[in-house]
Structures are given as C-alpha cells and as structure tokens.
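Shown next as structure tokens: one chain only, the form predicted alone.
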C-alpha cells in the first residue's frame, strides 16, 4: 500500500520566510521535532523487520521554500557553537524543481536530494528505559556542559497527538525520549541519501511497528548538524510503502536499521577537497579523533570561502545545506585521524579554484541576522 504523509517542518512552523533571524534566536526547542505518525503496520510483530521503500519527498506546492539556521550557543548550539560563540543566523532557500538558491547566500545554486531527517519505529518499554538510563547518566556526568551533551525527557511542549487517558498522557510526557538523537530504532539520523528510491530495514520492537516520520530536508551535506539546523529544512510530503520480513531481526542480526541508499544523486564530478587532522582550533593535539579532524576540515573550507567573499556565517550555512561529501581518510596513523570535506565546484556561479594570482573576492552581502545586529 502506498502512503502519502504530510509533514510540518521540524520546528512546527516557528521559522518564517523573512530577512532576520529573531525567530531562530527565540525558537522554543521544547516543541520539536514535529513528526507524523505513529503509523501501525498490520502484521508487524516484535522481532520482525519493517521494510520501508521511499518513493518521493517533495515540498508542499504552496510552500516552495526552506531554511537553514545557525542557532545560539545557549539555545541549540551546533558544531562550532563554542568556537564561534554562535549567534542566530539563517538563510531562506527558494526551491524550484530539483534546485535550491538563496537571496541570503548569492552565487550558488545546487540540486537537492530530498529526504526525511527522521524516520523510525517505536521502542519497546524496555528499550525506552535503556535509552533514558544511559542518556541521563551521560547528562549527570556532564551537568554543566553548554550546549548539553544530551536531553532528558521534557514534559513541557510534549505533543502526543492521540486521544489517550490523562494518566497515560502524563506518563508519556514524563518518560518519553527526546527525538534529537538517532537510536536503535532509527530516528533522527539525517542520512542524506535516504531519498526517493531508497529502502530502509527497521527492527520492530512493538506490535504494529508504529512508524513515525518527519524533519523533511530538501538538501544537506554529509554532516547535517554542522549548524544544528543545518539542512534545508522544509514542510512537505513523503510517499512510501511498507512490507514485513518475519523474524528479520534474527535473520539479519539487526541491532540498528540498515539502508539501501537512493540511486538518485546530484552529478557534480569536480570537487574541491579540504583536509582536517586531529588538532583543534587552538592547536591542541588529540589522539585519532575523527570529530576534531572533521571540524578542522570544515574550518579550512570556511576560511577558503571567506577568501571568495562569503561571510563566516554564510559559509557555515552553505556547508550545512549544500551536497557536501565527507569521508574518513585514515584512522590508523597515530596520532592524527584524517577527514576530508569536498565542496562541488559546480554549485558556484563563479570559478572558485585556486589560481597563481589568488582568489577573486566578491561582495555577497550577508545572511539573515538578528534584528539587533549581533553576530
């Protein structure tokens, strides 16, 4: 059976198509993610594998736009929240067929690979208890971390969307896991190639599987969470069908979902690749830390884009939203892991390749910032 599912954007419409970022600054993160579901699949039982074929992901016809945001250090954060002391910024993207362009980041236009950022089955009560135990333990061990290392259940803003007894609703709000991270059921994994034509294999933990989906993206790079709200977020429709493989968890050793990626991918043959090592922005050496290495690769790319005339904020947003590729190049050569970040040169209106005379710097303005002007 083919199913069309309408989805709000992940913030529930808190971000507007305008030219300041006050809505990003003041966003209420207790109200996210906004998901559609749960959808019960007849015949699915614990231990089965739920197969989901994604047929299409499109924006609403009357809302052909999306957004990318840099969140405040104290309200969302992001990959460089501490290093940049992040202030709220955003870019609005116009979505035209397969292409995205933005008045806030001029000079670029690229094809998107639209996909759900969040899709997964429901946990069993036992699995939910495991999540809360291990994540609350992590929070307790890092109680003063900014941004937080994890997020506990939060009754404020919890939305169940079902007509249930008050006692059951209160229990859900008190114990329900936040949807921010991906987990064993799938969830918020932000895999950009889960677009039309992809197939997903999810473990089933409860009768009916109870599939939920949302957080639709028009496009993103390989590491969506660079700026926390780092894809081109959109409201729209996902179309899929489902089937069941009985006993699939045992048959496939299915501890977490597995995927067949979409065969549809933008064709950008030439890429400018930036390398990063396990050394942070202050020059501190880490041992085989791929996250530190990725951050350095991204910082190197941002510095290069600034030489072309983009502001740091524009570059930060662009690397989050465009079809950037990231790879771990080496994790055996102590002490440095090597991670690469590749920018397709074809997304730019101008030639961005290095030249003996240097780079041509253009004034690209600025993305949408706070009305008080703070960056």
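All values reported here derive from a predicted model rather than from experimental measurement. Positions refer to the first chain, counted from 1.
If you look for the form predicted together with another copy of the chain, you will not find it shown, but the lines that follow are about it.
Judged against another copy of the chain in the model of the complex with a 4.5 angstroms heavy atom cut-off, the residues 134, 189 and 252 are in contact without exception. None of 120 to 128, 164 to 172, 274 to 282, 206 to 214 except one has non-hydrogen atoms within 4.5 angstroms of another copy of the chain in the model of the complex; the exception is 274 to 282.
The contact residue chosen from 180, 158, 108, 235 relative to another copy of the chain in the model of the complex is 180, the criterion being a non-hydrogen atom within 4.5 angstroms. Although the partner is absent here, residue 265 sits close enough that one of its heavy atoms falls within 4.5 Å of another copy of the chain in the model of the complex. Contact annotation: residue 92 falls outside 4.5 Å of another copy of the chain in the model of the complex, judged by heavy atom distances. A residue is said to contact a partner when one of its heavy atoms sits within 4.5 Å of a partner heavy atom; residue 61 meets this definition for another copy of the chain in the model of the complex. Although the partner is absent here, residue 16 is not a contact residue: none of its heavy atoms lies within 4.5 angstroms of another copy of the chain in the model of the complex. Residues of 23 to 53 placing a heavy atom within 4.5 Å of another copy of the chain in the model of the complex: 53 alone.
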